[in-house]
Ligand code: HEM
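Take a look at this single chain in structure tokens; it is the form predicted alone.
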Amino acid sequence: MQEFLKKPGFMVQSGTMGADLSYLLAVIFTVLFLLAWWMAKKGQGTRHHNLIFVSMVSMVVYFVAYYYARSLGVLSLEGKEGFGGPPEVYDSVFMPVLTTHLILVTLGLILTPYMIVEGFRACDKVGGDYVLRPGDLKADPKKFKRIWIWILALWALMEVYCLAMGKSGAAQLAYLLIFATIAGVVGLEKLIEKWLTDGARRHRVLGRITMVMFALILVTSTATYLMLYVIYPVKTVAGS
């Protein structure tokens, strides 16, 4: 998988297959999210649910697979090997943009499954169409505790498996982040239900916040891609 991602890309001469696919999918996912948001604004609840569910699940699967394949893809831990610009630009522009992008992606991976689950919980099916249901929406405390126990137990089993199979530290860190993301989604519920008690209003407010965040992910992804592969690509020495 890593060898495939390192192959020459198809968008710019200095790009890689992994970088081009990552950016292209970021554009596609953002367009799908905005289209689903437009459907919700038009009152097309079922079409909104179907499109947002498919696109968000696809995005989570892609991000987990891609970042795991690239040892979480944290370029900031790989030094300046992938950046061909001057050090001052790397420190004052590239690194802040990349760090912002990684933070937004992490928040997106937390909010994405939360919004899917919360959307189904806050809706009723009326005449074959999903409609947001006004009223307080709270999680069952007993179910909440059981979910936490299951998350902790599954993470512990996965860590034991990694140790037994001699998996690398990057693999163990990847699983830790995956389960931390799931735990973050569960913990988010208790915090948000105190802030926005009404389920329908909660979904609308968080939906707008999530869409803005995905738009920012696309902006920072574009800026990172341009700096790495268009403006400041690494110059290869002829014959090397």
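From 1 onward, residues are counted along the sequence shown. Just so it is clear, the structure is predicted and the values come from calculations on it, not from any experiment.
The same protein also has a form predicted together with ligand HEM, omitted here; what follows describes it.
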Thinking of 37, 116 and 130 as one candidate spot, does ligand HEM come within 4.5 Å of a heavy atom in every one of them in the predicted bound form? yes
The one residue among 123, 109, 98, 137 placing a heavy atom within 4.5 Å of ligand HEM in the predicted bound form is 123
Tell me, yes or no, whether residue 211 is in contact with ligand HEM in the predicted bound form, where a contact means a heavy atom of each within 4.5 Å. yes
In the predicted bound form, does residue 41 come within 4.5 Å of ligand HEM, counting heavy atoms only? yes
Is residue 56 one of the residues lying within 4.5 Å of ligand HEM in the predicted bound form, judged by heavy atom distances? yes
Should residue 199 be classed as touching ligand HEM in the predicted bound form when contacts are defined as heavy atoms within 4.5 Å? no
Using a 4.5 Å heavy atom cut-off, which of 43-51, 190-198, 23-31, 176-184 contacts ligand HEM in the predicted bound form? 43-51
Which residues in 183-209 have a heavy atom within 4.5 Å of ligand HEM in the predicted bound form? 203, 204, 207, 208
